[in-house]
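The chain below stands alone and is given in structure tokens; this is the form predicted on its own.
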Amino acid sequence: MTLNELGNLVAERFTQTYGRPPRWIAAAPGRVNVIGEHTDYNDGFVFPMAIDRYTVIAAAPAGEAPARVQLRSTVGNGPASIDLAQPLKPAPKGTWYNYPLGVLAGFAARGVKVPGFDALIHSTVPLGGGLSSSAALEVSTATLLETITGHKLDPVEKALLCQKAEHEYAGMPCGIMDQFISVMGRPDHLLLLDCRSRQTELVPMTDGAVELLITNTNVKHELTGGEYAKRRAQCEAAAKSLGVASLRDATAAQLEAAAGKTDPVAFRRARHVIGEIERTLQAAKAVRASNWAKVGELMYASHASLRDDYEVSCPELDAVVEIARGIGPAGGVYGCRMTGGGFGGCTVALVRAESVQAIADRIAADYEKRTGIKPSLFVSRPAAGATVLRA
């Protein structure tokens, strides 16, 4: 289904739900990170792309309650009513509408008056798979509010507003990657993002002979929240022991020289981050040259580092990567790695487009044989970022 077709579907559902057609429709994508994992909060580089899975919001002016926002979702969440006449505060942690609520608060903090509206939210971004369904919801909300109010934000300001919503309203201390790619994604381009300077470079990936195959392991181990915070603290400790502001400023030689004076666990965390920053820059160079064998080699190295030094993989993610490696270049797989925070979720593989169906069938069958779990697989080319479908 194209994005426009998806927009038309959500418009129909809005009409069924509210008894009138929507006036505005906005969309924003999820993302997959091709390489550059756990580097964002270390001031490093990340290399994501927008996927053609979207959160779409259709809306119309509120009728009887001009200072109220009514949110409904097609994915089973109960309706939410937000009173715009009252100061906006986070709902209890875990409440689904904290994401759009935080974005509304960001607009209010800028003095932008948002009129009441009724909205229906629909998403094709897999939930809980590490593909940034939360950023897609935040950015689609911000894009909708820009359309409703006529108050356009600078793309960087928009991404940072959405990140702040996730920090302060959803309680997740995420980096900036997810919101940046959801705002700035372009068809047939990856985004090289410097997480320190916030400078971005769109790197063309126009070769139709390759695609990205995303495999959702359909497992999510519950230790992620605390483990994420622990990794951040370990990285900060390693940077401090090396006498640098962040691991972005450290070199592999510096780290090796300090091996005896650095906590062994913090040493391994730092080794991953320093190596991953370098791998990400090398991958961007290889994509520019359409050197897919090199990109694949870097992806496998990234996964090994995440598994062994950063310890955020799990048996299910490792199984998919091992199966992909077994298929190899002869079968159309250049490289594969876990993507996202870890402990479950998804892998991303760089594959030959002509072989994608055979590769997907083989991974699905072998993974289920090994784990007893049916995976979910889909292919994506680099897709468009935030889009207004009806203004």
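The numbering used is simple: start at 1 and walk along the sequence shown. Note that this is a predicted model, so its numbers are computed, not measured.
Not pictured, yet referred to below: the form predicted together with a small molecule.
Chemist: Can you work out whether Gly344 and the small molecule are in contact in the predicted complex, taking contact to mean some heavy atom pair no more than 4.5 Å apart?
Modeler: Output for Gly344 is no: heavy atoms all beyond 4.5 Å of the small molecule.
Chemist: Contact between Trp96 and the small molecule in the predicted complex at 4.5 Å, heavy atoms?
Modeler: Close contact is absent here: in the predicted complex, Trp96 is far from the small molecule, nothing within 4.5 Å, heavy atoms only.
Chemist: Though only this chain appears here, would Tyr228 touch the small molecule in the predicted complex if you measure heavy atom gaps against 4.5 Å?
Modeler: Contact check for Tyr228: yes, within 4.5 Å of the small molecule in the predicted complex.
Chemist: Taking any heavy atom pair closer than or equal to 4.5 Å as contact, tell me whether Met177 reaches the small molecule in the predicted complex.
Modeler: Met177: yes, in contact with the small molecule in the predicted complex.
Chemist: Heavy atoms within 4.5 Å of the small molecule in the predicted complex: which of the stretches 29 to 37, 361 to 369, 328 to 336, 52 to 60 has them?
Modeler: In short, 29 to 37.
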